[in-house]
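In the form predicted on its own, a lone chain appears below as structure tokens.
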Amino acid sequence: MLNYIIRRLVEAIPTLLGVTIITFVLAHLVPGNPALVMLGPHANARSIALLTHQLGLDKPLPVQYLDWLWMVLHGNLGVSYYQNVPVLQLIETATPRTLAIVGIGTLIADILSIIQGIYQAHVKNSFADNLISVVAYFLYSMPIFWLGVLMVIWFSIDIPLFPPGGIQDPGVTNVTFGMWVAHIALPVITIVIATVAFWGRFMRSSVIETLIQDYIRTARAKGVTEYTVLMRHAFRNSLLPLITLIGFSIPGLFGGALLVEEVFNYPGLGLLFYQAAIQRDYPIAFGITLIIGILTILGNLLADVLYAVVDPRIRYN
């Protein structure tokens, strides 16, 4: 297993390089000059040219990329054009906040998806099964940013249960645990609803497919109770597709977090990336892309490891 993990990490290096190269090229293909954005539309050509030179944006694109890559290899992600703060410092502040809402939301979504899938498989083709499927399709088809807006309208304006956004109350410097929970509640609920609507359908299909296997028929023929069949025999094997889905869904989870953080003005990686994209703050955008790429690779690796834990028949050599 250890050799497999080391090999996967080594194989991930070309993938990360490819992601950074594509991101670097696409960012520079987007119309707009960061120097012009920083100085404003009324800046003269000389000021724009001077700032462009200071930022190193007048160099050939391959040279700019190699300069950035050399800094990354030395643990330096550059300095934000606008905030004049090291990008690594900004990412270190924002990453735990995003991991909090994504991690908590994913954990709750996993539990609810498993419960939903097992229940729907147990009452397959019943009224309850069809009703849950209709609701799931409806929620899955709803854009996550629109769902976030509805959460704010319903639970911050109509029924003021939670703050509409941010990470702390106005004028408060010391954030308590209760205040933090209140501010992340709506972002987490939004992520959970959007995720369960998608994952629950996969879990239902997986449990139904497992229940028609021969070993399930044998267990039932031996007089094993339906609860034991579901929880001891079908549950573990039904987790395999969900584990795979979670691993491949990590980029989508962070993409959804970007929209959620923008709606709720939550100061995480998503909001930081959005602001960097608007301001053409390349160092922040490239740094966040690198971090999310690393998290995606580690998430897929974790899914493979969990695959072997859940199914003892799987061995990585």
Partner chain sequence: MSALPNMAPEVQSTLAHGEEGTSRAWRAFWRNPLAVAGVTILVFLVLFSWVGPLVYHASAYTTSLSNIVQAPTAAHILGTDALGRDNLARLMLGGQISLIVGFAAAVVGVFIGVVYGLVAAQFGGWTDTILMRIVDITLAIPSIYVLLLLDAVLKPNVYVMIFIIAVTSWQGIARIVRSEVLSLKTREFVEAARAAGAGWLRIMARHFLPNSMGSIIVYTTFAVGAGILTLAGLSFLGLGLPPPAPNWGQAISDGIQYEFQNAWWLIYPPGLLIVAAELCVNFLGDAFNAAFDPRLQGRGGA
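The structure presented is a predicted model; accordingly, all values stated were derived computationally and were not measured. Positions refer to the first chain, counted from 1.
One more form of this protein, predicted in complex with the partner chain, exists but is not displayed; see below.
This chain is displayed without the partner chain, yet in the predicted complex the stretch 143-151 from 220-228, 180-188, 143-151, 78-86 comes within 4.5 Å of it by heavy atoms.
Although the partner is absent from this view, R97 stays clear of the partner chain in the predicted complex, with no non-hydrogen atom inside 4.5 angstroms.
Residue contact check for T52: none of its heavy atoms lie within 4.5 Å of the partner chain in the predicted complex. The closest non-hydrogen atom of F273 lies within 4.5 Å of the partner chain in the predicted complex. Under a 4.5 angstroms non-hydrogen atom cutoff, the partner chain in the predicted complex lacks M38 among its neighbouring residues.
The three residues N3, Q116 and W199 each lack any heavy atom within 4.5 Å of the partner chain in the predicted complex. Of all the residues from 57-95, none has a non-hydrogen atom no more than 4.5 Å from the partner chain in the predicted complex.
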